[in-house]
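There is one chain below, alone, in structure tokens, taken in the form predicted alone.
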């Protein structure tokens, strides 16, 4: 399974379609994200960075934020990281906005890298923490993405995926799904001036695995101590997993907020 812009077996073609789509919306991407989520996307990224504080406190660590977009999560991680934070994306217009954003912070606390999450330019077992915020579901092939993240993570390294998921609250769920299906695409198209991407947002979230489904994919990829935290009843969820440093033990857990 992968992005609905293509098929998991046609990785290059799907990747080019994703690149073109995000390049088209890059100028209004941040504004629309904050508007359509009522600013909650910012809070969720900071919540994810706080959840990783223990892992980020290790000296001389290397943190890799894949599918970094305009760099919001990478910049949040840099506030807690004792080591180096690298933000990688294969869409250059998005990466350029991340560069401007980092410069406005008064310094460049992150290293920016043009790279595809399915072919990361890092040696095996070289990264301490890998993160992705609202970008993993855009990969052409989720299984290959997890395999590549597993490859570059050090033993005992941490993987964190923040993504849209399934709303668990009974009354709020149908309301949110109606908003996502009918209101969000219209507002997004009107403000961005680009047809397609905000319908894609709804379609990609609908197709993406739910909380348990993504947790099981992490377990199948070899990650252990897999758990997730719901935000706003499951509008978004943070999944965490470890690459085993010794004999693997599997554990799935859940929490809500």
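What you are looking at is a predicted structure, and each value in this text was computed from that prediction instead of being measured. Numbering follows the first chain given and starts at 1.
There is also a form predicted together with a small molecule; it is not shown, and the following applies to it.
**Q** Does the 4.5 Å heavy atom contact test between residue 98 and the small molecule in the predicted complex come out positive?
**A** Contact check for residue 98: no, nothing within 4.5 Å of the small molecule in the predicted complex.
**Q** Taking the small molecule as it sits in the predicted complex, is residue 214 near enough to touch it, meaning that at least one heavy atom pair lies within 4.5 angstroms?
**A** So residue 214 does not count as contacting the small molecule.
**Q** Going by a heavy atom distance of 4.5 Å, is residue 150 a contact of the small molecule in the predicted complex?
**A** Residue 150: no contact with the small molecule in the predicted complex.
**Q** Does the small molecule get within 4.5 angstroms of any non-hydrogen atom of residue 90 in the predicted complex?
**A** Result yes; residue 90 sits at the interface with the small molecule in the predicted complex.
**Q** Work out which of 184, 112, 115, 144 lies within 4.5 Å of the small molecule in the predicted complex, going by heavy atoms.
**A** The residue in contact is 115.
**Q** Just one of 218, 67, 56, 48 has a heavy atom within 4.5 angstroms of the small molecule in the predicted complex, so which one?
**A** None of the other options qualify; the answer is 67.
**Q** Where does the small molecule sit in the predicted complex: which of 134-142, 79-87, 172-180, 150-158, heavy atoms within 4.5 Å?
**A** Among the listed stretches, the partner-contacting one is 134-142.
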